[in-house]
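Here we start with a single chain on its own, the form predicted alone, put down as structure tokens.
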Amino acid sequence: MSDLNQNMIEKYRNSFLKEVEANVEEGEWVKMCMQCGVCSGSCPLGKHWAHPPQEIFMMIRAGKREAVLASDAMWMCTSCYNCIVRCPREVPITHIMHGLAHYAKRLGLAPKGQPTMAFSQIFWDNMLKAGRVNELKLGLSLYFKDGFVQGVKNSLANAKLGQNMMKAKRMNAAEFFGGHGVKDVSGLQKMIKKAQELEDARIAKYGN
């Protein structure tokens, strides 16, 4: 390979692209995007994206680190996987978008007040307590996350939804007192704690 070609490749693989490749799940696939836009056209929320996936990938390759990590685009993904199924190059777009969201949050660069990020944290905290999601407590946590008064308004506005969930046995009063959980909750929590310790050790050794 000539020095000119090598220099062109190194220029293309800017520092942020390398950072994404090293720290984001499936990040090495970003450079495979050919900007066809099929992912955006396949996404049920495509028209609502501030930066559709192919644009995010282009911005990564252009070295726009702050703009990418501060974008709320990654938090719009609903994991429908339409983009992966239809991508002509089989780029794992869903994995990359979730990986970027996780990385931005870890660095403290994710957009403040992003509703999907708030929901993700509430969902995680709820699941971690018993190993399964307590839907009643999850709903209450979401309704009251902005204060008691707003929580009452949210509850009244969604009263019919709650009634329908109870009729369908998707929620019952027993969940308020604990609900269902996995058999070995402490074992699950220890496993997750150990995984976090390993991740923290990796970050301490290799950086982000």
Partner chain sequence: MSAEKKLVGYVCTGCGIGDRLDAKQLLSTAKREGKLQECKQHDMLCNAEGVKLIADDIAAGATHIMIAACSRRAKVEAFHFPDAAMTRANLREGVIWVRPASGENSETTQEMADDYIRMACAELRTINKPSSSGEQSLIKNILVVGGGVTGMTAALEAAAAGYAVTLVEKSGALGGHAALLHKRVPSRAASAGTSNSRNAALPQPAENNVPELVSRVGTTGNISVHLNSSVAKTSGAPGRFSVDIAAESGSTSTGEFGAIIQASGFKPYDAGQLSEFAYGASPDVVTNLELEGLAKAAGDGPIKRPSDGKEVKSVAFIQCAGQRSDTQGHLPYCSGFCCTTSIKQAIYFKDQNPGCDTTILFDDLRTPGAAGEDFYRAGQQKMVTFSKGKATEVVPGSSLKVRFQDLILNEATEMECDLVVLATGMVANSGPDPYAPADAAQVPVASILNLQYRQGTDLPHLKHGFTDSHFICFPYETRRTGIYAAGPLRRPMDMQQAMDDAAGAAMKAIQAVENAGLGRAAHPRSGDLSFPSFRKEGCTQCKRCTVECPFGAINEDEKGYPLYNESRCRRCGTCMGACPVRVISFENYSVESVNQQIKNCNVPDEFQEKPRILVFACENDAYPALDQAAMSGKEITPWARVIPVRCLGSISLSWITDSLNSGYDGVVLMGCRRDDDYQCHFVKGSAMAAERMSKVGDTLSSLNLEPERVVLHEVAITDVERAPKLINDMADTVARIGQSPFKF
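Positions refer to the first chain, counted from 1. Note that the coordinates shown come from a computational prediction; the quantities given were computed from them, not determined experimentally.
Form predicted together with its partner chain: not shown, discussed below.
Proximity to its partner chain in the predicted bound form, taken as a non-hydrogen atom within 4.5 angstroms, holds for one residue of Met166, Ala62, Val152, Ala50, which is Ala62. Screening Ala70, Leu45, Ala157, Met32 for any heavy atom within 4.5 Å of its partner chain in the predicted bound form leaves a single hit, Met32. Not one of Met97, Ala101 and Ser120 is positioned with any heavy atom within 4.5 Å of its partner chain in the predicted bound form.
Of the candidate stretches 121 to 129, 71 to 79, 84 to 92, 101 to 109, only 84 to 92 has residues whose heavy atoms lie within 4.5 Å of its partner chain in the predicted bound form.
Although the partner is absent here, Leu142 is not a contact residue: none of its heavy atoms lies within 4.5 angstroms of its partner chain in the predicted bound form.
Proximity of Lys18 to its partner chain in the predicted bound form: non-hydrogen atoms within 4.5 Å are present. The partner is not shown here, and in the predicted bound form the stretch 132 to 150 never reaches within 4.5 angstroms of its partner chain through any heavy atom.
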